[in-house]
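Presented as structure tokens, the chain that follows is alone, the form predicted on its own.
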């Protein structure tokens, strides 16, 4: 589970890095006091004018995750082109969300988001399935009176399932080799080198344009044929949490607010 989770985070950060590097290092070292906006760094920005450029990649990643799609669902190469109707629709939907939050909910800016309706699907479901309670697993009533396990019990079982505390602490380095699926659906070879407690190097071997992403526990960087860029604070925060080498035995330290709320099912198994 940890390896899968780590690869997901690496994929998330690598996508962000690719977008930033493909923009041609447009954000230059100029004003340290006034950050550039999205339209000053990227081309053909229409609905996100005024958004700090450092937040733009995270917003794109959030939209992608909310709809359960990849970048090529709306974009072609280069990204600023408007060839796909889905991109035009996305602009309308984003503006709709802006208007809803501005005119309702006491002006709270993030009460309604893409995920509010989409829930990980490109097309939101407008009505519930007949005969189904979508908010409660069908078999929950069978054991609704049984006490739930504690957070400690669940975490202890998780550590046991992945090999036990002693075995986990015995490992000090890890190498993962495989491929990840690019935005265009093409498999791209990737190597991940991790070292305790939280050092990481990711090499994504694009044809004639490899990308390296590194993290030394404090600072992060991304490198391609055009040079080396530092990661912004949001990307670094994500890596600090997720590249913790001994994460399975440190979950209570990493996540301060854990609670057991209900039962659900994964496949045929209760969880």
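What you see is a predicted model, and the numbers here were worked out from it, not measured in a lab. Residue numbers count along the first chain shown, from 1.
Omitted from view is the form predicted in complex with heme C (HEC), to which the following refers.
Peer 1: The chain here is shown without heme C (HEC). Which stretch in 164-172, 195-203, 110-118, 150-158 comes within 4.5 angstroms of it in the model of the complex, by heavy atom distance?
Peer 2: The contacting stretch is 110-118.
Peer 1: Are any of the heavy atoms in residue 64 no more than 4.5 Å from a heavy atom of heme C (HEC) in the model of the complex?
Peer 2: Yes, residue 64 sits close enough to heme C (HEC) in the model of the complex that at least one of its heavy atoms falls within 4.5 Å.
Peer 1: Wondering, does residue 45 line up within 4.5 Å of heme C (HEC) in the model of the complex on heavy atoms?
Peer 2: Yes.
Peer 1: May I ask you to check whether residue 104 falls inside a 4.5 Å heavy atom distance of heme C (HEC) in the model of the complex?
Peer 2: Contact check for residue 104: no, nothing within 4.5 Å of heme C (HEC) in the model of the complex.
Peer 1: With heavy atoms only and a cut-off of 4.5 Å, decide whether residue 83 touches heme C (HEC) in the model of the complex.
Peer 2: Result no; residue 83 lies far from heme C (HEC) in the model of the complex.
Peer 1: Would you mind picking the one in 212, 70, 36, 240 that has a heavy atom within 4.5 Å of heme C (HEC) in the model of the complex?
Peer 2: If I apply the 4.5 Å criterion carefully, the residue I get is 70.
Peer 1: Would you give me the residues of 75-90 that have any heavy atom within 4.5 Å of heme C (HEC) in the model of the complex, in order from first to last?
Peer 2: Read in sequence order, the residues that approach heme C (HEC) (within 4.5 Å, in the model of the complex) are 75, 79, 80, 86, 87, 89, 90.
Peer 1: Between residue 78 and residue 220, does the Cα distance in the model of the complex come out closer or farther than in this form, changing by 3 Å or more?
Peer 2: It is farther: in the model of the complex, the C-alpha atoms of residue 78 and residue 220 lie at least 3 Å more apart than they do here.
Peer 1: Can you confirm the direction of the Cα distance change for residue 55 and residue 213 in the model of the complex, closer or farther than in this form, given it is 3 Å or more?
Peer 2: Relative to the shown form, the pair is closer.
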